[in-house]
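Next up: a single chain in structure tokens, the form predicted on its own.
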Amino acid sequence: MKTICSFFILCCMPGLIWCASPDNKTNNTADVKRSLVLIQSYQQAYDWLIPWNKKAISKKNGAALVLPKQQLLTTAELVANHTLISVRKPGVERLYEAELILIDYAMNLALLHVAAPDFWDGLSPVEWGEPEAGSAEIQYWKSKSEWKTIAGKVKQLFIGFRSRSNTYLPMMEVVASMKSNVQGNPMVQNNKVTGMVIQLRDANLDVAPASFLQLFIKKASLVPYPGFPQRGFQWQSIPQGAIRRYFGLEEGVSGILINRILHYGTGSDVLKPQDFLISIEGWQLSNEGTIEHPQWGVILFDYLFTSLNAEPSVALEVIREGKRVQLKTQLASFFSEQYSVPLKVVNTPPRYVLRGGILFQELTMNYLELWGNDWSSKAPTRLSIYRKLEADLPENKDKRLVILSRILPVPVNIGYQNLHNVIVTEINGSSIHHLEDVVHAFENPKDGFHQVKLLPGGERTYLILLDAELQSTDQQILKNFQIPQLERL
């Protein structure tokens, strides 16, 4: 049974979200104005190259939509790593402090609360509508007193891939003549808010549809926050007839070939490599991994995993070894800290261990992004390959990749100063899979020495440190380099 319609009716679920009824007055421009506030966020990100430091403070401006229960909805990127979030009602001089209630960086959404009761005077919860292709307006406060309306056009609903969080999420592609970032501002159609601007990309806007936003609000009311499901497998299309015959596929049957099972995500518990997936909850898959949406046409099947959340389980149909097999799986959410290479970490300081001037860190997306958004081609090859090909394999579940990120030059490590971004495999004979392993290994020197073993391929495969010199050296390092502590776990 196709249950995607449940994704579009959440706005009328009692007690969750304010929604229109026959007795409600239709929203107009004045109503939208009362559902929008301005945000100033002061952010100070951690420095993942020098993990005991922070970067310079920066400021971001944006907007938030007014929700019931004295909550505000905005983007995660506007409030990540904040030191202060201030909000302002348009036309009012006073700034109010906002508190971050929930942030889902993977989905780029966040909820805020303002404790001051008078802040909510004159504000009205947003009235949601269903997006449609065609004309739309992006409405926003250009300044605290200047209201602007920009004409736009909704081109399509698509599944966007958010690389910094390795997630797929539904987006509307909107053509609009915007020259500045308008994150958090509403897209309005038929006098109702049908989406929220997530980012400006290639002169077009990515807008999260209202149904997706409402689903996030519903999930945010649950404890603990369940997150959004993601698929637990990788796949490929089959364009070649010989491959189809090899797998015993019937003529005219469309679908995708499962080529890898991950250690997390929807379907990872029941699917196998070389399964041919032909349907998800009754939705037929094309050979390119798309479904036919009744309103938006062709769209990637990952859309289903953010729209079937009302279902306790999901039906999958596969062809396995030439036979049709019906499977049942649970929608499975996955959070950043569960990845072998954690996804973008915000509001949390980097973990590290420093011994003898050697800085040990765990590979994260934050670290890879030191090489920019195109890190996959610029980061050290071994680190990039591990993230792309090995991190999500079942055998690496519950493991982290520990690296020697850099060396602070002191006499005890003379000759090693040029080493950086190499993978650590053992210390003093103990396998290293977490930073905690590094701490424990350094408590057990062998015959008065510490041996750090590196993954072969570089100029060195191991380092030797004299234990008798290590303790005094570490204290001197803290003083000379003005480092507050030797480790943060």
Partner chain sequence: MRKRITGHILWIGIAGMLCIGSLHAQSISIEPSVVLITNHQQHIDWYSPWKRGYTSSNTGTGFLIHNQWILTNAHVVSNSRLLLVNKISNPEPFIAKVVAIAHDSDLAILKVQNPVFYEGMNPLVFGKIPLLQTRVRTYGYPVGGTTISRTEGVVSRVEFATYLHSGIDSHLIIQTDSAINPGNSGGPVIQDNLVVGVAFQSNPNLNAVGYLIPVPLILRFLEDIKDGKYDGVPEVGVQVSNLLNEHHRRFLQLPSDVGGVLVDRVVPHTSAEGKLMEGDVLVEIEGAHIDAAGMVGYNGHHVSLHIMAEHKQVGELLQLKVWRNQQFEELTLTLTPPPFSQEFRLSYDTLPQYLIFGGLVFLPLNRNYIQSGKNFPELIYEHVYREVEKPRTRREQIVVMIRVLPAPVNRGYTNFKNYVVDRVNDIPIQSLQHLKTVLADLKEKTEYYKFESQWNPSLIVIDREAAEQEHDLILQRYGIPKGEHL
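Positions refer to the first chain, counted from 1. Keep in mind that what you see is a predicted model, and the values were worked out from it rather than measured.
Although it is not shown, the form predicted together with the partner chain is what the next lines describe.
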| query | finding |
| --- | --- |
| Heavy atom within 4.5 Å of the partner chain in the model of the complex - residue from 451, 40, 70, 421 | 451 |
| Candidate from 313, 234, 348, 143 lying within 4.5 Å of the partner chain in the model of the complex - any heavy atom | 234 |
| Stretch in contact, per heavy atom within 4.5 angstroms of the partner chain in the model of the complex, of 235-243, 118-126, 336-344, 77-85 | 235-243 |
| 4.5 Å heavy atom contact with the partner chain in the model of the complex for all of 254, 256 and 320 | no |
| Interface membership of residue 413, the partner chain in the model of the complex, 4.5 Å heavy atom rule | yes |
| Distance check, residue 274 to the partner chain in the model of the complex, heavy atom within 4.5 Å | yes |
| Contact test in the model of the complex: residue 382 vs the partner chain, heavy atoms, 4.5 Å | yes |
| Partner proximity in the model of the complex: residue 456 to the partner chain, non-hydrogen atom cutoff 4.5 Å | yes |
| Residues within 4.5 Å of the partner chain in the model of the complex, restricted to 357-379 and counted by heavy atom | 377 |
